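So this first bit is one chain, no partners, the form predicted on its own, shown in structure tokens.
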């Protein structure tokens, strides 16, 4: 099995920076790579700032310092040179398959023969990325959740040709990466399917949200009123802005292509994307972010369109599809991964006695929206998923 000492992170954005920081904290040598000096310089500065904060809070063991850790952190804009001594590479560039495949090709051509090449993609095919290399057995997925230092889950994903040995090496590596909120939870993803486990279970909720966004506008409701329907620390429209309208749009287009036409972006999401109103990152989305995170005014009232019973039924159905397709073999893994990756209680355990009721809710939702993807799957209708604990 590969002994991992040297990590190269390709893509020095928010996710790559987080991955680099936790690997540095675990004692690995890391190199942050991107296409411009300003990107890697910013990433390095953010890692340094994060390490200094942890030192000030007394989070390091005796004798360890931020400066000591940072001595093992390098930066580069020359990917081919940076991967020469890598034991594992984690790609964290934008969700564009062509760009990812080019990264994998360059890494494959320049990294040592033993090196594992992993993608931090949240949705895309590991197997397709592997076709750009001559080492498909060493190409895997390692999907981290944002922010990496705080979210416990890491999905380690098989491509079609990933070897057990390399998956096990990656799981061992992932398990050493610290998390500030408790022990890491490693979810082994047994099949390379869109969205893997966590994002796959939550993805169809976006079909329902598309329906709600478009209906709200058609009925003259405000986004504040819609957000007051769902409430929570980050309600529906605020969360969409925070995630990024472009991220949502591209994700929906990918699922539209790989899972069902029902995932096609709705009128609101498509319009905002085309107008460049991408949310927090551009300062304007559903809300104006120029003065920080918006807080919907409770006095605005409610749209009375969003009903929580539908997302719960949708996620239960999708969890059953995850089991049907062999992506995971236990519904407990689905629940645990959602909690560790999103701080979201999973849909499975609360519904072990409610399959028939949720089938009714889904049939009602199909009639309401016209979306056939919400039709209950066979495993849910049979209730046999309950035994797959």
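Predicted model only: the values in this text are computed from it and were never measured. For clarity, a rigid core is taken as the largest C-alpha set superposing within 1.5 Å between two forms. Numbering follows the first chain given and starts at 1.
Quick note: we don't show the form predicted in complex with acetoacetyl-coenzyme A, though the next part is all about it.
In the predicted bound form, none of the heavy atoms of residue 222 sits within 4.5 Å of a heavy atom of acetoacetyl-coenzyme A. Put simply, residue 122 is close to acetoacetyl-coenzyme A in the predicted bound form: some heavy atom of it is within 4.5 Å. In the predicted bound form, at least one heavy atom of residue 147 sits within 4.5 Å of acetoacetyl-coenzyme A. acetoacetyl-coenzyme A is not shown here, but in the predicted bound form it comes within 4.5 Å of a heavy atom of residue 180. Stretch 239-247 is the contacting one of 239-247, 223-231, 284-292, 264-272, since its residues have non-hydrogen atoms within 4.5 Å of acetoacetyl-coenzyme A in the predicted bound form. Of the residues given (357, 57, 332, 36), 57 alone sits with a heavy atom within 4.5 Å of acetoacetyl-coenzyme A in the predicted bound form. With the partner removed from view, the residue among 26, 70, 342, 361 that has a non-hydrogen atom within 4.5 Å of acetoacetyl-coenzyme A in the predicted bound form turns out to be 342.
Across the proposed site, 53, 143 and 199 without exception bring a heavy atom within 4.5 Å of acetoacetyl-coenzyme A in the predicted bound form. Taking a 4.5 Å heavy atom cutoff to acetoacetyl-coenzyme A in the predicted bound form, none of the residues in 260-289 make contact. Superposed on the core, the two forms barely differ at residue 152: its CA moves less than 2 Å between this form and the one not shown. Positional change of residue 136 between this form and the one not shown stays under 2 Å at the C-alpha, relative to the superposed core. Once the rigid core is overlaid between this form and the one not shown, residue 246 counts among the residues whose Cα shifts by 2 Å or more.
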